[in-house]
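So this first bit is one chain, no partners, the form predicted alone, shown in structure tokens.
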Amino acid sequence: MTYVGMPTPKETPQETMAKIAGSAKGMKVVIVGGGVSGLSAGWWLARSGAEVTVLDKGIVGWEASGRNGGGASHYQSPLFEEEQRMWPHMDALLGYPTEHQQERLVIAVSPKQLNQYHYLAKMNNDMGYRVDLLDGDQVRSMVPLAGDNCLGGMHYRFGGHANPQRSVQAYAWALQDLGGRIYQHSPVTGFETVGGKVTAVHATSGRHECDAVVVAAGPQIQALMAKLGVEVPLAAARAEMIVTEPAPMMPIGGVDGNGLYGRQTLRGNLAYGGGPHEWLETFEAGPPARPSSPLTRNLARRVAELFPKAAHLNVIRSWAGIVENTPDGRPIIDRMKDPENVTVITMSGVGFGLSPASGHAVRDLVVDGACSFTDIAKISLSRFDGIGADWREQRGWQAPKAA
């Protein structure tokens, strides 16, 4: 495997899997939340020999994990190089298709966007991650759906995208192949603690004994961790996406820009989302409804601006769901001191692409007590110690009041 635009890893993913095999044999781990972060953590732990149980209040991968832009190019994360090391190998390691494709393009339809992309390209190249600048004609040769309004762009020679629905299926099936158990429609109702450790998790599916717990329940993390006396500051927001009729296939299916993120599916559909996101209240059982909003019309307009030669396509589906956000917009991956066998992971809206790396980090925290491949101190929960109870109000992150 050649890593274009990235440093060559010191170890192959296959060598990593051989190294961790059996390291957690006999350990019982309960994972609360069957989104992509929880499923990846479960898969990594099962590869280590742990007995893994996943509890989800609904259907695994049914929330934002299975319906997102599918991008995997998070160069500003401490997990980035592990993300890039793992994704090209995930189909082989999982044994099921994720539809991963390498490289991405970001194209500009305004001078402001073009200036921003030039800045980002320089920043990446300075970090050693190759990005090529493109003029308008070069973009149009690579993106046949782009129009005369395209001023240029940049070509990430790293990164890529995958199919979110296929990927969460792959994680779930691979976890079950390793003996993991998945309980759907099984919301967690409480925890048993003895001597500063959680010894069992109660859910509608029954009582599940454990040696360790991973809480990866997205917007429900705050309420669940409160049951353990741990405050996790999160704010929920509505995220929306649209899907068009199929378009002619582009050479590179991952094309962002104009405030949008997304990809072209292997069938040709354009699946795109973007802000602004609406702040919402959420509840332990999840949101009572997920209605789309007038934002879908704004998304459709911006997709037509990004791809003028696809402007005639009809929008055939839309989706509105809930993503959780930390006060600084960065993930939290941390093992608690009390209860000492609980690890929490919230990815603050970037969970899908980073999932191969975040699962590895969680596995390391649960089994070894520290992350083996990067420094994750900057995404620990402790950075929010002392945050005021009114932090959402101070940022204006409040749900609209009902009329």
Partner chain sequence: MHINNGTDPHAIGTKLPAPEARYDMVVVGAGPAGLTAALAGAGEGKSVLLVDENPIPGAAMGNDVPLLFGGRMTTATQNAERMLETVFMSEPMLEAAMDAGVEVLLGTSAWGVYRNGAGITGLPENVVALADKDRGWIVGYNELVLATGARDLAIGFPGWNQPGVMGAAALERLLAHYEAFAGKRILIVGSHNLALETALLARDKGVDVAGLVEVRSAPQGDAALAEAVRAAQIPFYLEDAPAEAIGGIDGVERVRLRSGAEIAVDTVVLAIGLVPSIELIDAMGGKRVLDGARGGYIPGDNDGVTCVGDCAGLADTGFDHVDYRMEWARELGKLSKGDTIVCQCEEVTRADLLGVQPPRYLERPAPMQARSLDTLIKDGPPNPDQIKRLTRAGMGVCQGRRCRDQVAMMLAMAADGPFGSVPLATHRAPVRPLPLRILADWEESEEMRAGWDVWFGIPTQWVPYRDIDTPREREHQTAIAEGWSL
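Only a predicted model underlies this, so the values are computations on that prediction, with no experimental measurement involved. Residue numbers count along the first chain shown, from 1.
One more form of this protein exists, namely the form predicted together with its partner chain; it is left out here, but the text below deals with it.
Put simply, Lys10 is far from its partner chain in the model of the complex: not one heavy atom of it is within 4.5 Å. Mapping the unseen interface onto this chain, Gly253 falls outside it, with no heavy atom inside 4.5 Å of its partner chain in the model of the complex.
At least one heavy atom of Arg395 is located within 4.5 Å of its partner chain in the model of the complex. Although the partner is absent here, Phe373 is not a contact residue: none of its heavy atoms lies within 4.5 angstroms of its partner chain in the model of the complex.
Contact with its partner chain in the model of the complex, defined as a heavy atom within 4.5 Å, holds for exactly one of Lys197, His74, His118, His202, namely His74. Heavy atoms within 4.5 Å of its partner chain in the model of the complex belong, among the stretches 364-372, 43-51, 341-349, 28-36, to residues of 341-349. The partner is not shown here, but in the model of the complex the stretch 302-341 reaches within 4.5 angstroms of its partner chain through a heavy atom at Arg302, Val303, Ala304, Glu305, Ala310, Ala311, His312, Leu313, Asn314, Val315, Ile316, Arg317, Ser318, Trp319, Ala320, Val323, Asn325, Asp328, Gly329, Arg330.
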